[in-house]
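Quick heads-up: it's one chain on its own, the form predicted alone, in C-alpha cells.
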C-alpha cells in the first residue's frame, strides 16, 4: 500500500510540475505572438506539444530525460548559431534596421518635405468652416484656417481639400483689427474662430493636417497656432515604378537590391533610412575586397594568432616549469602550491581590473616598482603605447593562465610511470634527454586537447581585451577602426555595437570566420598530435 501511495504521489507531482511548466510556456507563447514574435511563439508552441506528448504518455522513456537538455541546446546553441548565419546574409546596420514598408513610410513622411523659401509665411487663425455658432459650440465641418497675407492685404480659407480666396469685404474684424470671422455669401463658406479651449483639443489634428495651397506640388502646414508656412515635396514616390524622384535635381532613386533607394547615376548616393535586405555573400566579399575592412581585419587577425599562440606557449611553459620544480620534496611545498593557484582562484574580472590600475602610467604599482629599481621616476605608457599595451596584455594573461597549466601539468607528470624515467637513467640518459624524449612527448600526448582548447579560448578572450585596454590604443583621429590590442572578437564587438556605426551583418560574417579559423586550427592540431588514434 505504501508503494502504491508513493507512486500516486509521484504521478500527481509530475502532473503538477509539467502542468506548471506548460502554463508558464503558454504565457510566454501568448506574449510572443502578441508582440509579433511569430518564430519565438511557434518554437514555444512546439516545445509545449513535445513536453505534453513525452511526459503524459509512454511514447519514449529515454526522451523524458533527454528532452529538457535538447530544448535548452536548441534554445541557447542552435538558434543563436542559425541566427548568426542568417544575419551574415543581410544588410543589417545603422540606417538599415527597418523593414522595407517601414522605411518607405518614413521616406514619405514629413521629413521628405521642405519649406519653400520663396513663398510667404502667413498669419493664421483657426476655426470651423460652415459651423453654426450660437450660444453653444458649433456643429463643425473640417478644420479650417483663415490665412492672412498682410503684405498684400489678401485673405484665404484653407482646409485639407479646398483653398478659397476671400474678398476683404466679407472678413469681419475685432476691435483690435484682427480678423475673427467670414460672412457667408453664395459659394463662400462661413467661418468663425475657434473657442479658446478648442485649440488644445484639436492640437494633434492640426499637426497632422496638410492644408491645400493654390500652387501644384505645394501645401501649407501650421507652425504653432499663429503661423502658416508653405511646403513642397522634396521627393515624390512612384509606386508603380517603385522609385523616388528628387524634385530639385531630377535624380531618380530606385531599389538597389541592397536595402536602399540609390541614385541610378551614382550608386553611392543612397536615401536613408534603408531596410534590412538579403545580400547573400556581400558581407563575406567585403571582408576581402573593401580596404576599410580588409586592412584592419588582416592586422587584427595576425595579432590574434600571435596573442593566442604566445599565450598558450608561455602559460604552458611556466606552468610546466613550476610543476617540475614543485615535484621535488622541498620545505613548505604546500604553501607554494597554495600561493601559485591564487590567480586562478580569484575572479578573472577583478584580477584584470586590478592589473589595469597597477599598469597606470602615473600612479601604477608597476611603474613605481621599476622607478624604485632604476633609482629615478619612470613613466611607461603601458596602456597607451601600442607595443607596451600588447606586452601588458600578454603579461596579464600569463598571470591569469599559468596556474591552470601548473595544475594539469602536475597531474600529467604524476601519471607518467616512474619506470620509464628510471630505465632511461639506467641506460645513461641525462635529465635533459629524459625530459625531451620521454617526459615531454608523453605530456604533449596527454595535454594536446587541453592546449587546443586553451588556444580556442584565448583566440576569443574578450574579457581580457575589453577590460584591460578596450582594444586600444586606437588612432581615432586617423580613422582607425581597430586598436593595437584588438583581437577578432573585440573587433567584431566594436563593429556590431559601436555608437553610430553598428553593422550586425558584417559582425555576423566575421563571427563565422572566427568559427571556421578556430575549428580548422583545432582540427589540424588534433590530427597532427594523433590524439584520436589513442582512443580508436
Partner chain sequence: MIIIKWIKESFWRHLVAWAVCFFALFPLYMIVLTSFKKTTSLQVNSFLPTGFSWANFNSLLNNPNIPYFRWMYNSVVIATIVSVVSVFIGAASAFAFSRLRFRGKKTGIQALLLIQMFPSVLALSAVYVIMDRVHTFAPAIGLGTQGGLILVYLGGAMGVNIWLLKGFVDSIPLELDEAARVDGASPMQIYWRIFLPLASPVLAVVTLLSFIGTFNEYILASLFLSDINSRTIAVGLQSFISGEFESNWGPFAAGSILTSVPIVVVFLSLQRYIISGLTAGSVKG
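Residue numbers count along the first chain shown, from 1. Under this definition, the rigid core comprises the largest set of C-alpha atoms superposing within 1.5 Å between the forms. Bear in mind the structure is a predicted one, so any value in this text is a computation, not a measurement.
The protein also exists as the form predicted together with the partner chain; that form is not presented, and the subsequent description refers to it.
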query	finding
One stretch from 397 to 405, 149 to 157, 219 to 227, 427 to 435 that, in the predicted complex, holds residues within 4.5 Å of the partner chain by heavy atom	397 to 405
Heavy atom within 4.5 Å of the partner chain in the predicted complex - the one residue of 98, 420, 89, 340 that qualifies	340
Contacting member of 353, 380, 232, 287, with respect to the partner chain in the predicted complex [4.5 Å, heavy atom]	353
Candidate spot 318, 462 and 493, all three touching the partner chain in the predicted complex (heavy atom, 4.5 Å)	yes
Residue contact check: residue 64 to the partner chain in the predicted complex, 4.5 Å heavy atom	yes
The partner chain contact at residue 511 in the predicted complex, heavy atom, 4.5 Å	yes
Partner contact for residue 28 in the predicted complex: the partner chain, 4.5 angstroms, heavy atom	yes
Interface membership of residue 57, the partner chain in the predicted complex, 4.5 Å heavy atom rule	no
Interface residues of 9 to 40 toward the partner chain, as seen in the predicted complex [heavy atoms, 4.5 Å]	28, 31, 32, 35, 37, 39, 40
Core-superposed C-alpha of residue 513 shifting 2 Å or more between the shown form and the other one	no
Cα displacement of residue 28 between the shown form and the other one reaching 2 Å, rigid core superposed	yes
Flag for residue 467, CA shift 2 Å or larger between the shown form and the other one after aligning core	no
